[in-house]
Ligand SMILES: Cc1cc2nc3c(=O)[nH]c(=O)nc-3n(C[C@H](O)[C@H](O)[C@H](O)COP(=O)(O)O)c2cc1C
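Only one chain is given next, in structure tokens, and it is the form predicted on its own.
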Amino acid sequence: MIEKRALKKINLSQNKWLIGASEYGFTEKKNRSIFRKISIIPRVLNGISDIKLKKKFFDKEIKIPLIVAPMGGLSQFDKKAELKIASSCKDNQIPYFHSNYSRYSIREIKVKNNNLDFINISLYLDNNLSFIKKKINECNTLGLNTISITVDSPIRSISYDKLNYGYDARTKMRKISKELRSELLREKLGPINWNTIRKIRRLTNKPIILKGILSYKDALIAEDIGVDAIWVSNHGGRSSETDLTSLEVLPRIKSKLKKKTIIICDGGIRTGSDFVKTLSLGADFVAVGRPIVHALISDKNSGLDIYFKLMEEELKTACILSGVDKINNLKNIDLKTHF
């Protein structure tokens, strides 16, 4: 198993950081266990032997409806982590959301990978309009595919599981550019709000995604502002101990949206059957975070390629056994929920 192999290769502090979640970690654990409360009712004798998994993510055709979520602090595991993720995602036609809290800036990613195919930006912002304008202008100039804005982490949460270890991944950042260092060290202002999102909407024609939505009320506000996609997420249980998972709110958010707003969903997704359950409950795309780190640690050279291939095969198998011949028909499969 990729995860078990990866965890054997890192020290205890790194392990705590990777697994770490808000407060006592109940939400993070529930992200995984909630999938055991959803059952797929298999369909048989349908003659299905193959299924095409390709799908359009805005203007890019991608191999499977999988997205790599933004993650910071990865240089503690591999000093070229973001470069390897960007390269593998390009080769496997998987969208990668690059965090602006990474070792490499998005400009460096472009230079070192020749282009930004399948690369998107994920921004952590404060309410500094000049900095926001700078980052949005950079996105426009570089021709990035989409812009994701994280909205569920206006304050750093407490993680009791990590307190005793005094480990801060930010201190493990390898050498970074002067431009990126100045961004990370700059004075932060207050948290962003809905008016900030309205201003950002006026600054760019790029698709805007709000990451960290759990309330359908917030999803509706975002839709009215003109946001192009809703990213249903509890931040891997790292932001708030809500005991609320993405899967529990996903169907309601889907039913409340008035337009054809795209829905991305993450949270504890590990297998092909997890993919099928998430997509069938209303998501258009599924995002993963920790499994990408596990794959990178497990095999720094080909771990990511192996992981993407494995997920493609698992998703194909789960779809066929569910009686689906087209990826867009997953909303029609038979599910039994126990929550």
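Numbering starts at 1 and follows the sequence shown. On a predicted model such as this, the values are computed, not experimentally measured, just so you know.
What comes next is about the form predicted in complex with the named molecule, which does not appear here.
For S99, a non-hydrogen atom is located within 4.5 Å of the named molecule in the model of the complex, even though that partner is not displayed.
Heavy atoms of R238 reach within 4.5 Å of the named molecule in the model of the complex, making it an interface residue. By the criterion of a heavy atom within 4.5 Å, P291 is counted among the residues contacting the named molecule in the model of the complex. T245 falls outside the set of residues with a heavy atom inside 4.5 Å of the named molecule in the model of the complex. Stretch 282-290 is the answer when you ask which of 58-66, 282-290, 45-53, 308-316 has residues with heavy atoms within 4.5 Å of the named molecule in the model of the complex. When the named molecule is considered in the model of the complex, only one residue from L257, L125, M71, A229 comes within 4.5 Å through any heavy atom, namely M71.
Contact with the named molecule in the model of the complex holds for all three of W17, D266 and R270, each having a heavy atom within 4.5 Å.
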